[in-house]
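A lone chain, given as C-alpha cells: the form predicted alone.
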Amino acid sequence: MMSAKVYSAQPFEFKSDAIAPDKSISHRCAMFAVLAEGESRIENFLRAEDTLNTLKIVGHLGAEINDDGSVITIRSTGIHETSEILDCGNSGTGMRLFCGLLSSAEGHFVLTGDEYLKRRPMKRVTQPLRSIGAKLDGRNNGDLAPLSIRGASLKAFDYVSPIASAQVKSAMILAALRSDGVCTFKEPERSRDHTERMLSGMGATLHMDGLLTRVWPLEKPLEPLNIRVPADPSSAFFFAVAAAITPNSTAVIEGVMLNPTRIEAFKVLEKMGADITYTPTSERYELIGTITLKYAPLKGVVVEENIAWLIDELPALSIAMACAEGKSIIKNAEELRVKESDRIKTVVDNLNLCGIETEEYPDGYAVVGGELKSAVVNSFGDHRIAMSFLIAGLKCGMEVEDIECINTSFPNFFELLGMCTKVER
C-alpha cells in the first residue's frame, strides 16, 4: 500500500490548463459513441483507470478504437455480444450507465469491478430497469456486482425516482432511447445534466422541463461526436480549496467546465468568503472557461440544497470548512454513504484524527473550524478522500495512506500538487 506525505505550503500562485479532463464527460463520450453512425472524434479524453476501462469495454462491444495519443476516434457498428467479462474497475458511473446502455442490446453481458465497486449498491439502477422489462441480475438479488444482463425489449415508462442521481437518470435515459415509446423520468431535485446535453447535441430528442425529462426512442443512429473534453471542475476544486486555505495564494484554472450543475461547490466557497471569478471562453456541448480564486478568510456555512450538484466535492469542501471560522453543517447528503467509501464516516474520522471537532448525522455532518493538525490518515481506497486530505496537508503537513486510487480519476494530481508545496511519495 503506497502512501504520500505533503508539507505545509508557503503562499503560492497556481496556474494551470492541465487539470484532469472531465471524468463524467469522458465516460459518456466513449459510451455514447457506440450509438452513433460514423466516426466520433474525442480530444483530451481522460486517460485514467476508470475511463480507460470504459473505453476498453466499448472496444469489447465491437467498436473500432484508434488513439494517437492526442485524439481518440471511435467507429461503431452497433453493440455486439462478447465473451469478455466487462471490467468497470472502480467506476460506479461506468457500471450504472452500462446497465442502461446494455439492457436493450442483443446478447448477454457481464459487468464486474474491483473489490470496492463490488460492494457498492446497484439496485437503484437494476430495480427501475427491471420494472421496464430489463433482464438483469446479480449478487444479493441484483444489488451487487458482478451483474448479468441479457438484452430485452423495453417498455415505455413514466418513472419517478426517489433520489436525485445523475447515474440513475442517465441509465434510464439510455434505456429509453431504445424502448417502445416516449418515456418520462422525474427526480426530486435536479441532478447533473451531462447526459441530456450531450445526447441532445448528438441528435436525440429529449425535452427537459424542470425536474421532468421526456425522452423519445431513437428513429436513427446518433450523429458522431466531435468534442474536446473540458477540464473537470471536480478535479479543479481541489486546487481551488488549496488556494482558499493558504493565505495570500491564488489559483487560476483554465479550460474548465462551467456547467451550472458542476460548479455549485465553487458557489459554496464564495458564500464562505472566497474571492472567485468565472470567465467563459466557449460553448458547444458544454460551457467552458477560466476560474480564478484569490484567498480570503473563510466562515462557516450550512449546505443543504443542490446536494446532487456538489456531492463529489463535499470531501474537499469539508477541508475548507475545517479551516473556516465557525461551524459548518452538511445536510441531505445520505448519498455520500454509498460512494467509493462511506464518505460521511471517512471524512469525519479523518478530520477527528486531524484535531477537528465534528458531529456525524445519518445524512451528513457538522465541522467546527479550528486548527488542522498533522496526522496519518487512510483513504479507504477512495480517490476523493485521498486527494482532499493531501490538500489539507498544505495547511499543516499530512501523510495519506492507500493513494493508488488517485489514478482512477486524476493521474497528474501529484505533478500539480508539487506546484503548491513539497510532496514525497
Ligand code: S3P
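All of these numbers come straight from a predicted model, not from anything done at the bench. In case it trips you up, residue 1 is the first one in the sequence shown, and so on.
We do not show the form predicted together with shikimate-3-phosphate, though everything after this point is about it.
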Want to guess which of 387-395, 23-31, 61-69, 357-365 is within 4.5 Å of shikimate-3-phosphate in the predicted bound form, heavy atoms only? 23-31
Classify Arg197 as contacting or not contacting shikimate-3-phosphate in the predicted bound form by the rule of any non-hydrogen atom within 4.5 angstroms, answering yes or no. no
Taking 4.5 angstroms as the cut-off for heavy atoms, does Leu258 touch shikimate-3-phosphate in the predicted bound form? no
Contact flag, Ala166 vs shikimate-3-phosphate in the predicted bound form, heavy atom cut 4.5 Å: yes
State yes or no: in the predicted bound form, is some non-hydrogen atom of Ile330 no more than 4.5 angstroms from a non-hydrogen atom of shikimate-3-phosphate? no
Given that shikimate-3-phosphate is left out here, which of Ser341, Ser179, Thr246, Thr93 has a heavy atom within 4.5 Å of it in the predicted bound form? Thr93
Only one of Glu335, Glu270, Asp143, Glu81 gets a heavy atom within 4.5 Å of shikimate-3-phosphate in the predicted bound form. Which one? Glu335
Just to make sure I understand: among 283-321, which residues lie within 4.5 Å of shikimate-3-phosphate in the predicted bound form, judging by heavy atoms? Ile311, Asp312
